[in-house]
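In structure tokens, the next block holds one chain alone, the form predicted alone.
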Amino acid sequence: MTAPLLTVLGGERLDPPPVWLMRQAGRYLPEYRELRAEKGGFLALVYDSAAAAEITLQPLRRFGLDAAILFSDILIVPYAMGMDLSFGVGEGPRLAPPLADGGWEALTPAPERLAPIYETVRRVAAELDPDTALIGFAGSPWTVATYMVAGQGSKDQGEARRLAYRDPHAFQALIDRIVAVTVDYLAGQIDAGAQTVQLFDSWAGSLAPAEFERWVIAPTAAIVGRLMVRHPGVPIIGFPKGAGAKLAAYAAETGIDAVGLDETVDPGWADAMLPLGMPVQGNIDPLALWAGGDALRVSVARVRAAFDERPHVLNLGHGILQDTPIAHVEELLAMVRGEAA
């Protein structure tokens, strides 16, 4: 049996579409909060393979979704490149030392930091039914670089953008190194049992068009090309959040198999502009899911109507919000699967 998600990513339309949700494993689930309280901080959970596998599987047990996505973080790559990584309470992630003035050449690579992630993938793969896909993931080079340069998240990714303009050759060297580690990381996840992988470019929307070509499209294409050589046939989903009108070029030039749409993208425009037959993923507004009821029903109907002739994976346009009622996730699945009254 082929998992419905993999069928759609292979170019076949299914009705109803397969469903999974970005950040489907996490703080909105009481079972996650209970395990986190028992085990400690976020990074401790990620590096406890048994706990991370349990968290990955929790939303599947509760909702019967069509895919599991690895419980981890996009900053595992810079951590494996030798940076220090921490998650402060209420502060978000911190990487040290910040690389706004360079210095990544002096980092001591720590590839052993990837091994527990692969073990998590193996544990999850051993538990899944054949009709449920396992998604691995990594951050895209541009987004990962923004955290490495600033040492933390920022509103406009200004420090990375300044460095890219000020010293593009140095910034290119950093991007190239991230690409190399990311290819190894994703290949390792696939070797461990991931059946598809997603590249998250959360800050793609902060770049001017020419910079987008250089720092989003080109590195993504490099990863896709190298990964296809090592693992031909494994579909790759690209998610360039905030890309807007640049989304069409991203879909056409990166070599990805499917493209994720954030909630700001008009699904009708996307259907008209994206390559014919390319699978799309998305793009329910996470706040519509939070609201439930008519708001959710209208959002689901609009997205499904726009992609009624295109392979489609129903998902959110970004991660599920931590105060989303569990009943609304159940409501969404009932709507999609024709179980709603």
Ligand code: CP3
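Quick caveat: nothing in here was measured; it's all calculated off a predicted structure. Residue numbers run from 1 along the displayed sequence.
As for the form predicted in complex with coproporphyrinogen III, it is not shown, yet the points below apply to it.
J.: Would you kindly say which of V259, L75, M83, L227 lies with a heavy atom within 4.5 Å of coproporphyrinogen III in the model of the complex?
T.: The residue from V259, L75, M83, L227 that makes the contact is L75.
J.: Go through Y250, F171, F71, F212 and name the one with a heavy atom inside 4.5 Å of coproporphyrinogen III in the model of the complex.
T.: Partner contact (heavy atom, 4.5 Å) among the options: F71.
J.: Quick one: does A25 come within 4.5 Å of coproporphyrinogen III in the model of the complex, counting heavy atoms only?
T.: Yes.
J.: Using 4.5 Å between non-hydrogen atoms, is Y185 touching coproporphyrinogen III in the model of the complex?
T.: Contact with coproporphyrinogen III, no.
J.: Using the partner position in the model of the complex, report whether G92 sits within 4.5 Å of coproporphyrinogen III, counting heavy atoms only.
T.: Because a heavy atom of G92 falls inside 4.5 Å of coproporphyrinogen III in the model of the complex, the answer is yes.
J.: Within a 4.5 Å heavy atom cut-off, is F87 in contact with coproporphyrinogen III in the model of the complex?
T.: Judged by the heavy-atom cut-off of 4.5 Å, F87 is in contact with coproporphyrinogen III in the model of the complex.
J.: Where does coproporphyrinogen III sit in the model of the complex: which of 162 to 170, 215 to 223, 177 to 185, 196 to 204, heavy atoms within 4.5 Å?
T.: The contacting stretch here is 196 to 204.
J.: Can you tell me which residues in 136 to 156 come within 4.5 angstroms of coproporphyrinogen III in the model of the complex, by heavy atoms?
T.: The stretch 136 to 156, when checked against coproporphyrinogen III in the model of the complex, contributes F137, Y147 at the 4.5 Å heavy-atom cut-off.
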